[in-house]
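Heads up, the chain below is alone and in the form predicted on its own; it's given as structure tokens.
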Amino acid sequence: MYHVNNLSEIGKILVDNLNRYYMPFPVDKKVCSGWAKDLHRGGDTIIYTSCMYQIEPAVGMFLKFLPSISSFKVLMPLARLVKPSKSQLDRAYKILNNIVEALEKSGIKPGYLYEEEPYSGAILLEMGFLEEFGEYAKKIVSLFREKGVKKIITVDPHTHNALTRYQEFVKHDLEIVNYLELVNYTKKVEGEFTIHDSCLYSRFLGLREKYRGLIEKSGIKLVEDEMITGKDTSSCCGGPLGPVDLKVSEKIAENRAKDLEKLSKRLLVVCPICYVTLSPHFKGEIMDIAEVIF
């Protein structure tokens, strides 16, 4: 576990990176925007990825650098070391394009900020750096206003949670909505899966029944057990704990994967962090719902 002083130092480095790059660590922005080809640039309604699906597969590598990160004088070399593989990026890009296709089939054609899209600041919120998160939120709200953005469509629970918390720190009239609230299209799918719910979507953001409704509409049968997948009885994947204590995070993920394997060898998730955290431990097929039902 990191010491408080080290955590404080990590917080300063994250803030410095966010102010410099609009990302928690240096990332080639083409990695973030490479999935989008035909979306119009900007507009009053945008899809907002916060680069979560794209970079989350590389975060584990970043976490391994964290204990010694304060010894780095400059962090730009990390951009070459901390990056997803081609297959990981191909998967992330497919998920995002599937979400856009589902939105368009539901009558919504969002714009996108491409390389100008900033990260949400969720990591500051989830590590408890509330004052820093509030200051960063003010900066991001100003950026959206400058771009003429009025409605933001989020695609993952951590970004959606962060943006809905902005109002606590800065008054704004941005409309924040998740894609799961907008899509009414699914393709037909056969077979059984079990599900690992996002803690944020399920318990705090009121979206549990939205994605379960879409899964049911697709034809998938969910295999559940109240003690494993219940709203109040299921457990976290452990992922958000990674920046604070990686070993405990991995142990939680290992135990969670064992529980889910009792129900099915095919697992659906709704969050890029859950996917990356559970994948090394789950002995079976694990997929995001946007890979399966759109």
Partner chain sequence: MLSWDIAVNRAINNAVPKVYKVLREHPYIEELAKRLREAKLEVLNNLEKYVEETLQSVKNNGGNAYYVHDEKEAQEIVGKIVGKGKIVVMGKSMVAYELGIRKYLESLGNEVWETDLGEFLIQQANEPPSHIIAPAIHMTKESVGKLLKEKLGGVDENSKVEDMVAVVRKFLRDKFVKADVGITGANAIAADTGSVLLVENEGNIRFTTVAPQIHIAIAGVEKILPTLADAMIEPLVQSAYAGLYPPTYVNLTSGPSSTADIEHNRVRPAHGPKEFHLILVDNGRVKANKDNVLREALLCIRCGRCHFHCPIYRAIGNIWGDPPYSGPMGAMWSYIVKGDTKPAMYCAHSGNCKEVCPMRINIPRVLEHIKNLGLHSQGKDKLDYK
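Just so you know, these numbers come straight off a predicted model, no measurement behind them. Numbering follows the first chain given and starts at 1.
Unshown form predicted in complex with the partner chain; subsequent notes refer to it.
For the three residues Leu39, Lys86 and Asn184, a heavy atom within 4.5 Å of the partner chain turns up in the predicted bound form in no case. Mapping the unseen interface onto this chain, Asn19 counts among the residues with a heavy atom inside 4.5 Å of the partner chain in the predicted bound form.
Of the heavy atoms in Phe144, none are within 4.5 Å of the partner chain in the predicted bound form.
Although the partner is absent here, Tyr114 lies well away from the partner chain in the predicted bound form, with no heavy atom inside 4.5 Å. Leu125 belongs to the set of residues with a heavy atom inside 4.5 Å of the partner chain in the predicted bound form.
Only one of Glu226, Asp44, Glu261, Asp28 lies close to the partner chain in the predicted bound form, with a heavy atom inside 4.5 Å, and it is Glu226.
In terms of contact with the partner chain in the predicted bound form, the residue from Lys221, Lys217, Arg203, Lys150 that brings a heavy atom within 4.5 Å is Arg203. With the partner chain left out of view, the stretch that reaches within 4.5 Å of it through heavy atoms in the predicted bound form is, among 31 to 39, 264 to 272, 51 to 59, 236 to 244, 236 to 244. Counting a residue when any of its non-hydrogen atoms is within 4.5 Å of the partner chain in the predicted bound form, there are no hits in 277 to 294.
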